[in-house]
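Quick setup: one chain, the form predicted on its own, written in structure tokens, and binding and motion questions come after.
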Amino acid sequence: MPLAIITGASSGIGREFARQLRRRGVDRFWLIARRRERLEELSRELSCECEIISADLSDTAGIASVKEMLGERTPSVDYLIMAAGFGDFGAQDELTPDESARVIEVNVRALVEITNAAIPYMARGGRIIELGSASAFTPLPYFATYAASKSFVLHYSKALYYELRPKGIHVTCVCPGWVHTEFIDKATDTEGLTRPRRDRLKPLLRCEKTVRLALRASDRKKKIYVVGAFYKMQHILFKILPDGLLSRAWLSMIDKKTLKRRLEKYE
């Protein structure tokens, strides 16, 4: 009876991973997210053995609850999908210390601690998918902490790939661009912050296709997988072009009125 542990399972990419793994024959899940009602709804949809873990991964107690459950249950884990993520657009002085810390807690600390806690319960053939981002490949002004956190995820995942390969456990860092989920709405829903216009966040990838390609990359034991032809090309350019040029291209997407008001503060 295969078991998949999925963080961020209440919506978006995490929820879609659960659906597609169920179609692949996985019949036991640990579904982890803050919103219990969403997890219960997904559990009914999956119609199999689901352990619902309502935990806020921006809080040390939430992370500890998952780790404690692993220690108590000692499960045999076949898939570990670390899909929980958080991010806010805004300049460094527009975001509160708590907002910036939450990005790091969810995207970095929770990912590392839960991954490391789950590895002892994985055997040869186990799969780990860490959700990175196309933003991991270059600095992004006004999205600095998020992009930096995903750069951490990328390098952490690559290192684990080599550490765990001799044990037969395969790690894939999946790096999509903008995916059509509620993440974009949450990241851009505060008026007045320095941020890109929502209509410039293109091309939007479909969640279903993103997950399908991610699982296929894991099947093929890929170390890194960039989702979408546009973002693959972008990744190649990121390796060639200097940061300054890439940052100017990113800044061209920022709402002009907001950016102008911000720059006037320094004149």
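When you see a residue number, it is the position in the sequence shown, counting from 1. The structure displayed is predicted, hence computed values, not measured ones.
Beyond what is shown, the protein has a form predicted together with a small molecule; the following relates to that form.
Novice: Tell me the stretch among 116 to 124, 144 to 152, 70 to 78, 91 to 99 that has any heavy atom within 4.5 angstroms of the small molecule in the model of the complex.
Specialist: Only one stretch qualifies here: 144 to 152.
Novice: To verify the annotation, which of these, 83, 140, 160, 128, has a non-hydrogen atom within 4.5 Å of the small molecule in the model of the complex?
Specialist: None of the others qualify; the residue that does is 83.
Novice: Of the options 35, 44, 216, 206, which one has a non-hydrogen atom that comes within 4.5 Å of the small molecule in the model of the complex?
Specialist: Partner contact (heavy atom, 4.5 Å) among the options: 35.
Novice: Given that the partner is absent here, does residue 27 sit within 4.5 Å of the small molecule in the model of the complex, heavy atoms only?
Specialist: No, residue 27 is distant from the partner.
Novice: Looking at the partner-bound form in the model of the complex, is residue 169 within 4.5 Å of the small molecule by any heavy atom?
Specialist: The answer is no: residue 169 has no heavy atom within 4.5 Å of the small molecule.
Novice: Are any of the heavy atoms in residue 181 no more than 4.5 Å from a heavy atom of the small molecule in the model of the complex?
Specialist: The answer is yes: residue 181 has a heavy atom within 4.5 Å of the small molecule.
Novice: Would you check, heavy atoms only and a 4.5 Å threshold, whether residue 57 touches the small molecule in the model of the complex?
Specialist: Yes - in the model of the complex, heavy atoms of residue 57 and the small molecule come within 4.5 Å of each other.
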